[in-house]
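A lone chain, given as structure tokens: the form predicted on its own.
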């Protein structure tokens, strides 16, 4: 479990980006972090993952103070999938996924047979084992995203943090990515925290949502509790309409 208490962050003294953030991420749940561009979502993910140092407040990872953990120790608790990932080296997909085992492998050691088996198992469970010997640089954007999620799963970390896992993906790859995220969360008991811009997708896949505006979480709860007309319009500063289609709420812009 991840617990954030009173977290504040500033890139410079005169500009506070995150203000008194409080949240919990438990196992076997998908939590979506929502809000307009510039609301502090990616900054919050980087603070939780230790890539940025909070100005004040506490971050506890399974009861351990983040500030006392080394980078390799954090990686054993949290697997991070960034929004963008580029490499100029033509690594095989299997080698990219094996990087998820890095926190358990010595600096001058090679992956063990058990590490390689774990990588193959993850690729198989995601239905992309046929990617194993392909070059990562030759994959499409959607295929790369699946491989990065496989790398995160290969780490065995109990919490996954994903920054816009569906960005720039077509409909089929959005579906595939979100299905995998939902399935692994429930089957493996992993907690998932992700940012996502599509409110309708967030409504379908999330157990809880956190709505941010100007560095503050303005509302938290189930999708049906948070994604209501008044809250959405307040956070995003635009009018929306909510339609009921086949028993599901669909959020649309009022143009």
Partner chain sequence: MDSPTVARDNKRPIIISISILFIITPVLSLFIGAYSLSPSQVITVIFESFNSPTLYNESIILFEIRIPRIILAMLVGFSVSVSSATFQAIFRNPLVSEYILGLSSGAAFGASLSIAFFGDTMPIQPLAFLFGVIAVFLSYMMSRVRGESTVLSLVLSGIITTAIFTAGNYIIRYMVEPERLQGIVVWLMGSLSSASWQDIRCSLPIVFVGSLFLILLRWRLNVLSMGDEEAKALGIDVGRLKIVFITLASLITASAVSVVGIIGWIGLMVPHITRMLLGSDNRLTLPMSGIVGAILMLLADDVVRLSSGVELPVGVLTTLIGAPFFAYLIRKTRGGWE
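Predicted, not measured: the structure shown is a model, and the values here were computed from it. Residue numbers count along the first chain shown, from 1.
Beyond the structure shown, there is the form predicted together with the partner chain, which is absent from this document and is the topic of what follows.
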property: is_contact(residue 220, the partner chain) in the model of the complex, heavy atom dist at most 4.5 Å; result: no
property: 4.5 Å heavy atom contact, residue 183 and the partner chain in the model of the complex; result: no
property: In the model of the complex, residue 51 touching the partner chain (heavy atom, 4.5 Å); result: yes
property: Partner contact for residue 139 in the model of the complex: the partner chain, 4.5 angstroms, heavy atom; result: no
property: Contact stretch among 43-51, 29-37, 202-210, 60-68 - heavy atom within 4.5 Å of the partner chain in the model of the complex; result: 43-51
property: Heavy atom within 4.5 Å of the partner chain in the model of the complex - residue from 123, 177, 169, 98; result: 98
property: Non-hydrogen atom within 4.5 angstroms of the partner chain in the model of the complex for each of 72, 105 and 116; result: yes
